[in-house]
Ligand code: GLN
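There is one chain below, alone, in structure tokens, taken in the form predicted on its own.
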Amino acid sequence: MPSDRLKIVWIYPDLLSTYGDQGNTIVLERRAALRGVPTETVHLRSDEPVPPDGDLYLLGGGEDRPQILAAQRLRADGGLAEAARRNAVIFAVCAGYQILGHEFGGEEGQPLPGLGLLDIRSGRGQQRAVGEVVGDVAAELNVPRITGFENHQGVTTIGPNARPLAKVVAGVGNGDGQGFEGAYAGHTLGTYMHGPALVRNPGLADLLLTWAVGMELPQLPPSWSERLREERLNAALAPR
């Protein structure tokens, strides 16, 4: 964070903003403010250039056609790739997660080029994953068990230059046969979890903020976010 404000860029809300994913920006703003970190949030429409000087970039979910259009425009623009090269934080959900990879499945399942910012490949599976997903996060990230809502037909495999975000406890996640959910490399992280994911998982939100400001942040007292997380975990893991 080279300036006195944390610059958050919400990419293409006119194309990628399903299931309330914009809530991810709100919780980041709030948890930063509670620690005295001022923020500036840019809501970037798909006809606008991606500013390469952001600190934290967010992509949400979307249907097939908007996902394809978003990928095409981001590839042509190049701003997000430039931000990734300077190690800005990128957090992507569902369709946005797939776009970050080398390829994803189009409307007929055909492979289409992604941005190549995360070493993953996505295609279309036989069955749709709908419902709650719970995962135990990679130990090195120091984030407690995560919970979210998934609604996708994607199958995502992780290459050697990325690592799984979490191991699935309940739900489908990547659908890769390995039981993984999401992936990350450096400061780029993707997941299939809606919810919104950062509202449900304040620990994950704080991880992104820590990466973005480049220093450890003080802990916050428990709030409704922690209560929501516990409520959803209990509901997802309750005996059927």
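Position 1 is the first residue in the sequence shown; the rest follow in order. Bear in mind the structure is a predicted one, so any value in this text is a computation, not a measurement.
Just so you know, the form predicted in complex with the named molecule exists too; it's not on screen, but the next bit is about it.
(request) Heavy atom within 4.5 Å of the named molecule in the model of the complex: which of Cys94, Ala83, Ala71, Ala166 fits that? Just give me the one. (result) By the 4.5 Å criterion, the partner-contacting residue is Cys94.
(request) Would you kindly say which of Asp64, Glu48, Glu40, Asp53 lies with a heavy atom within 4.5 Å of the named molecule in the model of the complex? (result) By the 4.5 Å criterion, the partner-contacting residue is Asp64.
(request) Among 111-119, 137-145, 83-91, 151-159, mark the stretch whose residues have heavy atoms within 4.5 Å of the named molecule in the model of the complex. (result) Correct option: 151-159.
(message) Is Arg128 part of the interface with the named molecule in the model of the complex - any heavy atom within 4.5 Å?
(response) It does: once the named molecule is placed as it appears in the model of the complex, Arg128 has a heavy atom within 4.5 Å of it.
(message) Under a 4.5 Å heavy atom criterion, is Arg200 part of the interface with the named molecule in the model of the complex?
(response) Output for Arg200 is no: heavy atoms all beyond 4.5 Å of the named molecule.
(message) Residue-level question: is Ser225 within 4.5 Å of the named molecule in the model of the complex, judged on heavy atoms?
(response) Output for Ser225 is no: heavy atoms all beyond 4.5 Å of the named molecule.
(request) Quick one: name the residues from 165-204 with any non-hydrogen atom within 4.5 angstroms of the named molecule in the model of the complex. (result) The stretch touches the partner through His194 alone.
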